[in-house]
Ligand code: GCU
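One chain is shown next in structure tokens, namely the form predicted alone.
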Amino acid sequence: MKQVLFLICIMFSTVLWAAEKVAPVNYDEAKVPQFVLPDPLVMSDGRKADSAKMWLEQRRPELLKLFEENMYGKPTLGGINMKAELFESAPVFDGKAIRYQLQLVFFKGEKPLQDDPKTDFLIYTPAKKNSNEKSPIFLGLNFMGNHTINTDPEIRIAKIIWDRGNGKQVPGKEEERGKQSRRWPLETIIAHGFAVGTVYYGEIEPDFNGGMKHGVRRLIYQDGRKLQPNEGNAITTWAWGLGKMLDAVTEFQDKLNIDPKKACVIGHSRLGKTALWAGAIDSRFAVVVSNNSGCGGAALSRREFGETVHRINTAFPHWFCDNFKKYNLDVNSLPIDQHEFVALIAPRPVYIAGASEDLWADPKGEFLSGFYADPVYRLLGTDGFGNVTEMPPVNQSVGNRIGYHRREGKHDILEFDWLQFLKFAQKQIE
């Protein structure tokens, strides 16, 4: 009898696996399915938002709730406090900049405990003789530890680096210093008059299924409370971390000579998704920049080109809220799409970047999200995408309040990308 039950279980599991089997990857535009995008201006009851007031007071809150309930999840970290302490500063780059290092401690209650989660916050600012002249700043998370973004020997090495493949932790290593410097052209950023600040994202929450037990969310779920299907997961937690970075900049703005009202949030790949969500839920970010964010970021879900909703939820079940998985096999029943995600940032400026060889992230789908968000930007009195009507050639930046380019090459963030972002941000916040 036990053998029969065992065989039945195996057969049932096989049937379920077959039903959930992910479809082959599509890189052929001719095979993109026909679809109808939801109108970002049309309310759930059929009324159309025909004024800025109606968008801001009715349609936007409704749309934000739809994204919270069906995709990114509701924030759960509202009860977490933060203490920021500046522990080091020094001039760098031949006196052209100043390096600051802060420690951020996250805690629940009246004061931090010894084992509460914490992270180092690394900031570089332009050196200025006039202390009343405050710099704008780019804020973003990094993948491998602060010490990997530059060869600067004084950057404190991360104590723990999480392997997102196996969920194990290893100590940060001296030989990894500057390993990701191509993604953080600090001297170029400084030369354009911007400060830049970063935190290792694994210290907010490790990037693997079950990472919430080791990051900031352990303060919320340590009592055994389970994650609800509509509660935020890793992306929402990382976005919350970006907001806390801005909190710290605001607290230390006079010491750092940084203008928190000119903060630009930036992210690449999964952190590009995070930057968009941070910009959507936190209106303090003056400019939002998303690089190669793909599925779940700027790329339209309904195109099912490259990475799909089914694939991303299968490979990374910890990124989005559990409700998002309901749409794995029927993405057209999803009441939202990513052009509406971009529209949530309106009327603030947003820049979307792709790469010509990064078909997995669907650069055309990323472009189209900006294109179809344009009516919302127009309604709110901006020039939106400008006179852009089709996807531009490689290495050409286009747009006005919404910006876009598709860099030649692979999935990465390089100095060329940063130069477009800097130019865009300078224009938008001057």
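This is a predicted model, so every value here is computed, not measured. Start at 1 and count along the sequence shown; that's the residue number.
Below: the form predicted together with this ligand, not depicted.
The partner is absent here, but in the model of the complex a heavy atom of Glu307, alone among Glu307, Asp116, Asp152, Asp259, sits within 4.5 Å of this ligand. Put simply, of Asn142, Ser135, Ser269, Asn230 only one has a heavy atom within 4.5 Å of this ligand in the model of the complex, and it is Ser269. Under a 4.5 angstroms non-hydrogen atom cutoff, this ligand in the model of the complex lacks Phe208 among its neighbouring residues.
By the criterion of a heavy atom within 4.5 Å, Ile312 is counted among the residues contacting this ligand in the model of the complex. Using a 4.5 angstroms limit between non-hydrogen atoms, Tyr351 is distant from this ligand in the model of the complex. Interface membership of Trp240, defined by any non-hydrogen atom within 4.5 Å of this ligand in the model of the complex, is ruled out. The stretch from 190-198, 269-277, 170-178, 341-349 that comes within 4.5 Å of this ligand in the model of the complex, counting heavy atoms only, is 269-277. For the partner-free chain shown, just Trp360 of 333-365 comes within 4.5 angstroms of this ligand in the model of the complex, judged by any non-hydrogen atom.
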